[in-house]
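Below sits a lone chain in structure tokens, taken as the form predicted alone.
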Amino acid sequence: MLKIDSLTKFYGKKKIFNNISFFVQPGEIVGLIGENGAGKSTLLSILATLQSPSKGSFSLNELKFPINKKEIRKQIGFVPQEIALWEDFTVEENMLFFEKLSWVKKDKDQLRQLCLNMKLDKWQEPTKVLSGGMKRKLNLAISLIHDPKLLLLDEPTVGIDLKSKIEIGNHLKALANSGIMIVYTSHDMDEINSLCDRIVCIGEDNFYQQLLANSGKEILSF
């Protein structure tokens, strides 16, 4: 379980967010929503152990940050909004490259299956010729190489075609069904409503809470 207790972040005197507390259980997809600048990406970065909170704490499967930072990091798959791939490498070469950096080793067939699981069948093509949706799928496949227990996804379907959105969404549901915890940010409320079990809204603008008021979902606001 991911437990977040009173996380607060300041940059200098500027408050980004304050006293955020929630949990994510194995098999859950929790949506993280809010206006631009509310701190969604910053919160994901903290949970990915790339930043430290100003106050508060979190733990993953009883491992506490920052004491168990290295052990926590091994259980996390993080997909930032910016696509981070080697454009001149093929899909295969990207997967093999990132597998070399992983503490969980997989052979070529296992790596290819990670791609096929989300309908990414372009194996020998250079990454630079792939569609935006295919690149997003490859980014996600790379994050799964080390069998993470928690996936942190920062707008993983932004700017892509509907077919790829649906295929990624279906794969995320399958991952959750296998017991993976997922925290997912998006500005697409239809996507949030269809994918997420619970929703966390951060920031002072209540626009998104109003949009989801009749969704029947549990919504936490901070």
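Fair warning: this is a prediction, and the values are worked out from it, not measured in the lab. We number the residues from 1 along the sequence you see.
FYI, the form predicted in complex with a small molecule isn't displayed, but the following is about it.
Using 4.5 Å between non-hydrogen atoms, is G39 touching the small molecule in the predicted complex?
Judged by the heavy-atom cut-off of 4.5 Å, G39 is in contact with the small molecule in the predicted complex.
Closest heavy atom of H187 to the small molecule in the predicted complex, within 4.5 Å or not?
Yes.
Can you tell me whether I16 touches the small molecule? I mean in the predicted complex, with a 4.5 angstroms heavy atom cut-off.
Yes, I16 lies within 4.5 Å of the small molecule in the predicted complex.
Please run the contact check for E28 against the small molecule in the predicted complex: heavy atoms, 4.5 angstroms, yes or no?
Judged by the heavy-atom cut-off of 4.5 Å, E28 is well away from the small molecule in the predicted complex.
Tell me which stretch of 65-73, 39-47, 158-166, 176-184 has a heavy atom within 4.5 angstroms of the small molecule in the predicted complex.
Single hit among the candidates: 39-47.
Decide yes or no: are F89, D107 and N117 jointly within 4.5 Å of the small molecule in the predicted complex, with each residue judged by its heavy atoms?
Not a single listed residue reaches the small molecule in the predicted complex, so no.
Of these, Q81, Q113, S131, S102, which has a heavy atom no more than 4.5 Å from the small molecule in the predicted complex?
By the 4.5 Å heavy-atom cutoff, the listed residue in contact is Q81.
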